[in-house]
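Given next, in structure tokens, is a single chain: the form predicted on its own.
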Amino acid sequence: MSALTITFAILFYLATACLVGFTARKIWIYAKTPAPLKIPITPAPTTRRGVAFRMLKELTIFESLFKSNKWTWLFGWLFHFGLLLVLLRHLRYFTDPVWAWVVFIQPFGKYATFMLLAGLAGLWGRRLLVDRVRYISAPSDHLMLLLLIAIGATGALMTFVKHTDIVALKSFFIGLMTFSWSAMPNDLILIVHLSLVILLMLIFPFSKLLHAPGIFFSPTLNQVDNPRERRHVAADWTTKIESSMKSTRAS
């Protein structure tokens, strides 16, 4: 077995462990962090069902972003929806036989790459051209967008310009899942593409991309607007305050 196959197999195992482990840790921290105040963005729903519907709209049509800025909403929605189709299309590399619905979306996912790149270009242009956004943009923001663009561009090159051995590539990933390694195609664009994907997997748990799971734990979105009907008590904060008061009195 080639050194290339062994190297990328080990890197994918490490990157997957990092992605799953540290992301799960962050989600656990989010879940355990108390919300000391009732702070939903108004007008907010007054029932749990309303909160679920509001969250669904945020996840699918980015409702609050649409109300805030139409251009940012457009580029953000193009990127996220294009990314969703591209990721679903990639399921063909991890399933055998390929599921029927994955076969159905193949042509849509193929051209969704351009939607993804257009959205990223717009979001990057916003950080470069809008003064107030450029002022608060850190170098990591630009590098993250550049990384995503590079991943999308190399993927598009393999799809429309220089094709790689899809059968061998699928065998490689199926082999990783079953711990029965197969040779990875020795293709320069593929190597660059997979290297960038591994880099993204490694830095995801430590980047602003954690807004993906973090949105579910945002108190401004997941709280019911019922401060008059029901008293909001953050148990962890109450315990800490009481302990602090007791220690103060004792001293």
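Quick caveat: nothing in here was measured; it's all calculated off a predicted structure. Residue indices: 1-based, along the sequence shown.
Note that the form predicted together with a small molecule isn't included here; everything after this is about it.
- prompt: the small molecule in the predicted bound form: within 4.5 Å of a heavy atom of each of F8, V20 and T95?
  reply: Judged in the predicted bound form, none of F8, V20 and T95 sits within 4.5 Å of the small molecule.
query: Would K208 sit within 4.5 Å of the small molecule in the predicted bound form, counting heavy atoms only?
result: Close contact exists here: in the predicted bound form, K208 approaches the small molecule to within 4.5 Å, heavy atoms only.
query: At the 4.5 Å heavy atom threshold, is M115 in contact with the small molecule in the predicted bound form?
result: So M115 does not count as contacting the small molecule.
task: Consider L200 of the chain shown here, and say whether it contacts the small molecule in the predicted bound form, taking contact as heavy atoms within 4.5 Å.
output: Yes - in the predicted bound form, heavy atoms of L200 and the small molecule come within 4.5 Å of each other.
message: I'd like to know if L87 sits close to the small molecule in the predicted bound form, meaning any non-hydrogen atom pair within 4.5 angstroms.
response: Although the small molecule is absent here, L87 would touch it in the predicted bound form, with heavy atoms inside 4.5 Å.
task: Within 4.5 Å of the small molecule in the predicted bound form, counting heavy atoms only, one of 221-229, 58-66, 27-35, 43-51 shows up; tell me which.
output: Single hit among the candidates: 58-66.
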